[in-house]
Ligand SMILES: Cc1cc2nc3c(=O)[nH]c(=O)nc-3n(C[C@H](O)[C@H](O)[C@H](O)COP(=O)(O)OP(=O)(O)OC[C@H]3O[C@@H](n4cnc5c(N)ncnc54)[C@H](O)[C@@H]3O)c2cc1C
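Presented as structure tokens, the chain that follows is alone, the form predicted alone.
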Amino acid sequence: MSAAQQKSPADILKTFEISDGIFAIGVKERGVTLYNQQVRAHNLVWALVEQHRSGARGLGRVAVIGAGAAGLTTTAALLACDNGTSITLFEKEWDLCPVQQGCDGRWLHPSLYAWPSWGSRAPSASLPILNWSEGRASDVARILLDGFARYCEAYGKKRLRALVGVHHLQVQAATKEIRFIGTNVVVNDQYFTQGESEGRTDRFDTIIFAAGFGWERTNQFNTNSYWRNEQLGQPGLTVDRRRYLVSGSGDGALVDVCRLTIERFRQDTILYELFGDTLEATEEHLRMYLKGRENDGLLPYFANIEDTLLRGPKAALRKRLRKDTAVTLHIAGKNLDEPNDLDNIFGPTSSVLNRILIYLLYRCGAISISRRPLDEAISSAHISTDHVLCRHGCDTESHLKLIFNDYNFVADKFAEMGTTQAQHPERYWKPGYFPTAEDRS
């Protein structure tokens, strides 16, 4: 029996609980992908339902805050697993799954950021609730919303209340009260139609926080959100070579560097295009090396394998460098006046795949790297401010303080979550545990 199978519902519940009856999904975790958030949502619902069925802790009235992938998965799973629980779903934007809707320029894959782990190239999420396969973010959002509508029709006609445009939402953690002003929506075929607006204060027995991490920090450059459409991956239609600066060292920054420097870059095909027939052998070598070294910096390792495992990929990449862009990677630290060293790009703040791609671009001379203060880096490279992309992560602390009216009541627990990183995206439920929407018909 695996370690995942040995954990009890009570053990799992402790990793999500921030106070009595209030639970948070992934808000302080580092492994943040849409798929990982969905797995965490399944784990939390499994633990809550098992505790409810055993009599250890009743669900009562449930509030789910946030209607992104995690919130929709949580709500659909709760509807399917328990026929008596009433659920209220809150979303501050004016539609469900608003972040990825209409986003055609970003590619979503269930497990590619876990590469080279076993199965990380599999295209399907293989989830029991709101399953999807790799594709454009807009296509994945459509699949999630269509699936959610089916669960609402099958299980939620009298038990689910959903509100959008919630422009005033405050959680009183000590009393589990939520004050809000929002607009009700009702399922209409596969869509969610606007109903009446209202403001009130309700008390819940269970509150599940699935509202993400806040909007990205953009400094003074007003960088578009990672999920908003733009044309970075398209060749320029002017004679001038365009200069860009990307500031950050996480996956968001590194993906944008790849889009700006690699001709016809696609996240779903780049591994096959660069590694070809050597892909499986490379994966095996990487898995053996990385075992127990997941948090190590990989710069010395990449240098060691450059003339062997990375020789072919480096030659393949050199053939397809973009000619219309010049890109500077600004290595941003937590304090932009104290930037990281080169080694920090290759630490655990990003996926192994993106670290390899950046290393190859660096060794091909395709990018410049700057450690100067941001303003100096921009002026010295003669970069227009509208070609500056700041990918510095989200201001999660401000996001939480805005929602929790008594944030001090839960602040220590959120801090502990950030330290322990205990919400592992492993599957703790047994196969067949979650009913499908079709099971009700």
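Please read these numbers as outputs of a predicted model, since none were measured by experiment. Residue indices: 1-based, along the sequence shown.
Not pictured, yet referred to below: the form predicted together with this ligand.
Residue contact check for Y113: one or more of its heavy atoms lie within 4.5 Å of this ligand in the predicted bound form.
Not displayed here, this ligand is approached by P98 to within 4.5 Å at the level of heavy atoms in the predicted bound form.
Shown alone here, A67 lies within 4.5 Å of this ligand in the predicted bound form, counting heavy atoms only.
When this ligand is considered in the predicted bound form, Q37 lines it closely, a heavy atom lying within 4.5 Å. Comment: this ligand is not present in this chain, but in the predicted bound form one of D82, E93, E283, E273 has a heavy atom within 4.5 Å of it, namely E93. Taking R372, R61, R57, H399 one by one, only a single residue has any non-hydrogen atom within 4.5 Å of this ligand in the predicted bound form, and it is H399. Contact with this ligand in the predicted bound form holds for all three of F213, Y226 and G252, each having a heavy atom within 4.5 Å. Looking at 405-413, 389-397, 45-53, 375-383, the stretch with residues near this ligand in the predicted bound form, meaning non-hydrogen atoms within 4.5 angstroms, turns out to be 389-397.
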